[in-house]
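This document opens with one chain alone, in structure tokens, the form predicted alone.
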């Protein structure tokens, strides 16, 4: 069974709630999930994963520093191309509309794309990945469910 690593940072709990919702839908989609706070995730976790979802709150229009540090440390896997062709995605929470949530998601995706990872957008909803404005509501939970199901299908196709 393919393994998905979900790594997140959450100060107030909103990003954690999204990570948990995504974990449930990825599992329902037929993948094993390893859900970790960013300070618990290791490069070995990343190596072992068939897919990676990164989550962060929006801080000043960008990802939180611990997530950026995790991406920066992943440079150790870059030289050997250890993440090339693996599925990847991102999700975020922000305090308000226009607060930089989409920029936060895109900033995380930059590093994943540079690794050669495969990112699939959503046709409906948050095209770049799920985004909560404040506490995740039913719209966000539905979007996490759809994104997680789609992500699990991508991971299974790429890992086959």
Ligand SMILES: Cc1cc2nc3c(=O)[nH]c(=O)nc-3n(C[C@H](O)[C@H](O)[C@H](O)COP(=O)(O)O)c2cc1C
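Positions refer to the first chain, counted from 1. Just so you know, these numbers come straight off a predicted model, no measurement behind them.
Keep in mind the form predicted together with this ligand is missing from the figure; the text below concerns it.
With respect to this ligand in the model of the complex, the three residues 25, 123 and 126 uniformly fall beyond 4.5 angstroms at the level of their nearest heavy atom. Using a 4.5 angstroms limit between non-hydrogen atoms, residue 70 is distant from this ligand in the model of the complex.
When this ligand is considered in the model of the complex, residue 58 lines it closely, a heavy atom lying within 4.5 Å. Not displayed here, this ligand is kept clear of residue 111 by more than 4.5 Å at the level of heavy atoms in the model of the complex. In the model of the complex, this ligand lies farther than 4.5 Å from every heavy atom of residue 29. Of the stretches 93-101, 42-50, 115-123, 29-37, only 93-101 has residues with a heavy atom within 4.5 Å of this ligand in the model of the complex. Contact annotation for 21-51: no residue has a non-hydrogen atom within 4.5 angstroms of this ligand in the model of the complex.
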